[in-house]
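Just the one chain here, the form predicted alone, laid out as structure tokens.
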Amino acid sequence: MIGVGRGPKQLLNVVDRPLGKGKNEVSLSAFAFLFSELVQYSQTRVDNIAELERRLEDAGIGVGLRILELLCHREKANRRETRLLGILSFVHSTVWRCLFGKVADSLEKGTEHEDEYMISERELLVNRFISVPKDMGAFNCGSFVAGIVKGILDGAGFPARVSAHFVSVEGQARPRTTILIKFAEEVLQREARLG
């Protein structure tokens, strides 16, 4: 037998060793390459920018559903959020840290409408390596992240319309990306009932 009688530093058989969690990181260059391929693939199958953003959002929805399942299993012992602020905090911190390695820059409630919330990011990873041609105007790859957020919210029982927008900031060359979340009326009614 391997490791018998060797004291505290016993050698274990490969089969007996515990499985590590492994690295949860993906190479940035690999991600940039795959994401640019996704954008190019989608671009060849659409006629305008709105359709391209919708395709990217649809791709993100599937990712969001899977991220929700993974993080609920890992972080929350298979429990899900039932309150509006709880799920927004989960997306703003836990999900963002899992996807981008840091918490989002800000989470704000809309001032004009009760059902609107915004997650803002100074330099969103998916927009960092994309150069948009002049003929595509205000194309925003953040629609992929908006799709991820929509998938998470829909999967958790908080249906919402989610979209990505550029917001100009004084003194910065690149605009910041804001993910606008507009919850369905049923979510607000449920939140009011829960107190």
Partner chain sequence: MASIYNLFVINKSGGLIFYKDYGSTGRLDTNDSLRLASLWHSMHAISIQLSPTPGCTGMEVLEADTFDLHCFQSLTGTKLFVASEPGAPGITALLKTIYELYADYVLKNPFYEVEMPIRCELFEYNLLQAIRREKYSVGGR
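Residue numbers count along the first chain shown, from 1. None of the values given here were measured: they were computed from a predicted structure.
Below, we refer to the form predicted together with the partner chain, which is not included among the displayed structures.
- Interface residue remark: Ile67 is not counted as part of the site for the partner chain in the predicted complex, having no heavy atom within 4.5 Å.
- Although the partner is absent from this view, Phe139 contacts the partner chain in the predicted complex, with a non-hydrogen atom inside 4.5 angstroms.
- Taking non-hydrogen atoms only, Ala50 never approaches the partner chain to within 4.5 angstroms in the predicted complex.
- By the criterion of a heavy atom within 4.5 Å, Ser168 is excluded from the residues contacting the partner chain in the predicted complex.
- Of the candidate stretches 143-151, 123-131, 59-67, 156-164, only 123-131 contains residues with a heavy atom within 4.5 Å of the partner chain in the predicted complex.
- Shown without its partner, the chain has Ala173, Arg174 in segment 143-178 as residues with a non-hydrogen atom within 4.5 angstroms of the partner chain in the predicted complex.
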